[in-house]
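To begin, one chain is listed below as structure tokens, in the form predicted on its own.
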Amino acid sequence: MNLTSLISKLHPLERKVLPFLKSEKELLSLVKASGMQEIEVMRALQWLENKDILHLSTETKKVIVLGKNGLKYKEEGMPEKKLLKVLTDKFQSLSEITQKSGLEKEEVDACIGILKRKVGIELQKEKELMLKLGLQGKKILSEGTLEEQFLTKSFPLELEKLTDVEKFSLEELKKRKELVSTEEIRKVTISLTELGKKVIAVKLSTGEVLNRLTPEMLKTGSWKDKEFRAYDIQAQVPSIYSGKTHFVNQAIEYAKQIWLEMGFKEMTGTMVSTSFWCMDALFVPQDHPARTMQDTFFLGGKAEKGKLPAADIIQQVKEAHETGGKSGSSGWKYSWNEEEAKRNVLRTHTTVLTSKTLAQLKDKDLPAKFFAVGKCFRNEAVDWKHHFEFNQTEGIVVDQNADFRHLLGYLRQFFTKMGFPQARFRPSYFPYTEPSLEIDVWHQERQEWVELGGAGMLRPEVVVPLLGKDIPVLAWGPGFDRIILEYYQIKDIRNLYKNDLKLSREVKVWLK
């Protein structure tokens, strides 16, 4: 940008400040010299800095300033000295001394405490309190106290530059009402750049420079004689944020759309469930560690009537746990307890929706494909990668012709659409799937594999009691929050749930 173009874009406040920058290099002195308000000067300096005409450096320091009583005593003298002046070597009554000194009662009371500590007075109790000069009284009268000497200095004083004796005096004065206080002041220093030196060397127009063209100017034609400020398209302006869906919900809605496009129907349900649907129906044994308070949020009370399925399904789930039932396995070989199955929990996974859906399917409904994206809860210790609530995406395919390769195909397709075209699958173990696998996706920017969750084919011990027959059921339930973290480059999972307004405004829109 050439000099003429730059000057044509200067704001009137900038034009007003520039001539004074030849001699003034500090904010307060510039305010005084220009006669402008401090906020106007500061705004002009910031705009000039944005144009690389000058640089601002700010130094913050603590200073000592005098309060109302400090100013009074600096001018009139300390009240304890006034009190000492009316004392003699003989005891006098407090009422007499108060009258002679002309001090307020509160001041006299404060002076007595101070002078007693400094051995400046002696006290004697008769009908009323009696006072006379003490051992140090005359010395204090002639030399003054350290606090009095401190008040003679030129304020404000920089705290860091005080000597040890001055710091002691300051602490003593702080004990007294409205004598001194500590404040933080900001010193702004201005230094011109090479460009700035060229700008202030140019003689600016002394005429009025207008910011806008008014209807009146157009009517009268007076605009022809005016000088207008040029538009500055590089000027910094306040950010304007549009309203939008929370970024987590953007990602969830996108994932739902993918499943719908792939022909799946959505499963929905409440976040509170019985242990039966959340664990027992999924062949999780009642003594499994995941069912303890360490992993599960148990709620008060037990399932109300109607919350458990029909008696025949309960019986088949019971038999699957105890002996394997009609599934062909030997089960877990323990005594299944229906009362334990009635306990209410915050769902630990969206797979609770899978168990309920399977129990409702009829032969006429098959083949069928279902998905869910929802919030789950686990009793986790919260840190940067763990949280007690998280989102999970669930899916099942119930089809006599489905096999393990179909499962891998569905997962690859979903993660490709989510922006992770490279996926790998590792053998794993889950109580309700066999075979089971872990899903990893390749993170291009980090150049590493990121684990996202598990999948597999539901075991007969899950399918037979709920569906009434053994049929292939593909199932998956990876955590969804890690996908969101990777996309938005958020390092701490807690930031998804903090409702950080700044993050919500500035985070990019979900777009794959």
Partner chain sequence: MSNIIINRKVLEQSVGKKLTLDQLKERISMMDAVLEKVNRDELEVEVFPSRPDMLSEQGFARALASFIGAKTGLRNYPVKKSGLKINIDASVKEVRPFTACAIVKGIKFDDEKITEIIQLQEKLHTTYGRNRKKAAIGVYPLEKITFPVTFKAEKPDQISFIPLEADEAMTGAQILSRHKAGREYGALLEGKAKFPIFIDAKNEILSMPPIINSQLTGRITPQTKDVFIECSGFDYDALSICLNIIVTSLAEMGGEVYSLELIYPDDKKISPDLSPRKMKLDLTYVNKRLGLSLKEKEVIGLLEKMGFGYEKGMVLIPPYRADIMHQVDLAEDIAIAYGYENFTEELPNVSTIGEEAPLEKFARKVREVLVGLELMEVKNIHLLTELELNKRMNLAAKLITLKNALGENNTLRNSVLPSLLKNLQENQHNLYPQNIFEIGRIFEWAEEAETGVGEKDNLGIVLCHDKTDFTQIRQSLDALMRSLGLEAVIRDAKHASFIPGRVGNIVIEGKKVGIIGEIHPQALTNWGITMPVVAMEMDVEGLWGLVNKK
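Predicted model only: the values in this text are computed from it and were never measured. Residue numbers count along the first chain shown, from 1. If you superpose the two forms and keep the largest set of C-alpha atoms that fall within 1.5 Å, you have the rigid core.
Keep in mind that the form predicted together with its partner chain is not shown, yet the notes after this line are about it.
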Next on the checklist: I need to confirm a contact call. Of 118, 132, 369, 82, which residue comes within 4.5 Å of its partner chain in the model of the complex, counting heavy atoms only?
Outcome noted: 369
Next on the checklist: Only one of 229, 176, 318, 387 gets a heavy atom within 4.5 Å of its partner chain in the model of the complex. Which one?
Outcome noted: 387
Item to check | Any non-hydrogen atom of residue 489 within 4.5 angstroms of its partner chain in the model of the complex | outcome: no
Next on the checklist: When the contact criterion is heavy atoms within 4.5 Å, does residue 211 count as touching its partner chain in the model of the complex?
Outcome noted: no
Next on the checklist: I'd like to check something about residue 22: if you look in the model of the complex, is any of its heavy atoms closer than or equal to 4.5 Å to a heavy atom of its partner chain?
Outcome noted: no
Next on the checklist: in the model of the complex, is there a heavy atom of its partner chain that lies within 4.5 Å of any heavy atom of residue 155, even though the partner is absent here?
Outcome noted: no
Checklist entry - Which single stretch, out of 184-192, 165-173, 401-409, 71-79, brings residue heavy atoms within 4.5 Å of its partner chain in the model of the complex? => result 401-409
Item to check | Three-residue site 260, 263 and 499 fully in contact with its partner chain in the model of the complex at 4.5 Å by heavy atom | outcome: yes
Item to check | Sequence-ordered residues of 310-328 touching its partner chain in the model of the complex, heavy atom within 4.5 Å | outcome: 327, 328
Item to check | Residue shift check between this form and the one not shown, rigid core fit, residue 469 Cα at least 2 Å | outcome: no
